[in-house]
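Have a look below at one chain only, the form predicted alone, in structure tokens format.
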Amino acid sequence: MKNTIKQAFHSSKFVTGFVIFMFVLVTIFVYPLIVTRDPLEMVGQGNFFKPGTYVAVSDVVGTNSNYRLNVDTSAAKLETGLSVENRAMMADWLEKYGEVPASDIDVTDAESLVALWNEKYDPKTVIKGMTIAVRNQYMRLNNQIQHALKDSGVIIAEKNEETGELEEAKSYDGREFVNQGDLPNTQTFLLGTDNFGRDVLTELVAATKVSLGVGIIAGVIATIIGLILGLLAGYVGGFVDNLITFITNLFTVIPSFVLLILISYSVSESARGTTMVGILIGITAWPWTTRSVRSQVISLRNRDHVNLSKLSGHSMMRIVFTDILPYIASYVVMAFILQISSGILAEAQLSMLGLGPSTTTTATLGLMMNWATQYSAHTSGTWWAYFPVILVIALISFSLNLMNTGLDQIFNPQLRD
């Protein structure tokens, strides 16, 4: 066993996959110790807050720790203030009426776009064929741009309790800044919030742990079923082998995912928890493990050490577990690793179809993808709601497959360098 482990850690592929997988495991167990917030707590009163640090507006206005910086804030105002529609309007006007070539117009660079606009646009110019409504629309856009360019500052007014009138209390210009460390109320969402206003990073860590659990349950069940049937078919042979092979071929002909969909659909929604989904995936994913184990046992059952055990009168159970199983243990481990990866992917696929775990107390990677899709995150540009989930699924699958490939190179002489 020690020699086998040493061989495994001499494989660069196995080590790379192992490091990635261990990083995922450490994260899902250490992160909840640091961030104790409920993964499904709705911290945001709205959908899809983008990643970043959020500060209380009242704290920013009320603080006296202001710093003056020689920073031009107009460019940033333009980048955030000009919508995609407004930029398209400006580009259209510049090309049609400003005689600017389309190749010289970059709608992604607000500063250069506004510079072109100020150079070419004159609100007093009357363009033939342009309706008054369209002209007014361009004038409103121009006013918006000019307002953003002005460093007009902000005036804070307070109500006078005696007169009931508003009086100027404080004024700030565009060069006054506040150090984030001076503010008492800040919230950082590294991956923003989802459609329910929940911290995506915290939810993602919890969902990864649950999905790994589903994959392990599915992997254990599929591997045990496949191992038992493969050992019986390969060692006993005859009618037992024919029967098991027939059933295995039957399950192989019918796509396992289609079968999984049908079984999941037949299970009531209230009973379809994470454990049940793992069991359902496991009982539909055993055929290829059975076929692999059977072929290995057939090649071993007539070896000299097995025949010697038969002549010694050892029972079938003893022969299988002492003379055959140790020789195929490496293949069983590799099958288990692949079954975990397949189980995680199958759960994600089921959840995307609405047939995954039915739960309101926890999340899975598949459910996060399902929620993001239902609320059109993929079409609204809110990448943080779904891309980290895809990345985690890919990382886990990639690491497990790398580990499996590394083990295969060790135990399969034909693949050794």
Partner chain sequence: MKKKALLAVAVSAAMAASLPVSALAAEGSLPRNETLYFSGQQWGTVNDYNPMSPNSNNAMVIAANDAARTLVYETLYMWNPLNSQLYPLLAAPDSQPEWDENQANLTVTLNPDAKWSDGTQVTAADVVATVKAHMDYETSAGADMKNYIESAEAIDDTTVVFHAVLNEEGKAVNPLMLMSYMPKLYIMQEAYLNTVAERNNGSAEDIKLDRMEDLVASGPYKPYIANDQQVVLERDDNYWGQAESMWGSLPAPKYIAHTIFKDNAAGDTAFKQGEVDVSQQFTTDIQKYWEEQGLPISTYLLEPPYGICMTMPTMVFNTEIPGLDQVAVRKAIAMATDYDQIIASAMSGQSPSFADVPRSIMNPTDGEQAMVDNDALADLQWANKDVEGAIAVLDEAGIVDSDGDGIREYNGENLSFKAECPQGWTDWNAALEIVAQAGKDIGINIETYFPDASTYTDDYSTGKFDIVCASGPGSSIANPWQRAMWFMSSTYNTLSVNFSGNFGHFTNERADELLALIPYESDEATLKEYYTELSKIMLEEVPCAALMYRPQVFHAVNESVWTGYPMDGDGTDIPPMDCTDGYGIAALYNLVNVE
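Whichever C-alpha set is largest while still superposing within 1.5 Å between the two forms counts as the rigid core. Positions refer to the first chain, counted from 1. Small disclaimer: the values here were computed from a predicted structure and weren't measured.
What comes next is about the form predicted in complex with its partner chain, which is not displayed.
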| property | result |
| --- | --- |
| Distance check, Ile228 to its partner chain in the predicted complex, heavy atom within 4.5 Å | no |
| Touches its partner chain in the predicted complex: Tyr172 (any heavy atom, 4.5 Å) | no |
| Val84 within 4.5 Å of its partner chain in the predicted complex, heavy atoms | no |
| Its partner chain contact in the predicted complex: Thr27, any heavy atom under 4.5 Å | no |
| Contact at Gly62, Ile155 and Phe387 by its partner chain in the predicted complex, all three, heavy atom at most 4.5 Å | no |
| Answer range among 388-396, 27-35, 367-375, 54-62 for contact with its partner chain, defined in the predicted complex as heavy atoms within 4.5 Å | 367-375 |
| Contact residue in the predicted complex, chosen from Met139, Ala115, Ala88, Leu243 - any heavy atom within 4.5 Å of its partner chain | Met139 |
| Contacts with its partner chain in the predicted complex, stretch 23-55 (heavy atom within 4.5 Å) | Leu40, Met42, Gly44, Gln45, Gly46, Asn47, Phe48 |
| Core-aligned C-alpha movement of Gly237 between this form and the one not shown reaching 2 Å | no |
| C-alpha of Gln144 off by 2 Å or more between this form and the one not shown on rigid core | yes |
| Core-superposed comparison between this form and the one not shown, Tyr121 Cα displacement 2 Å or beyond | yes |
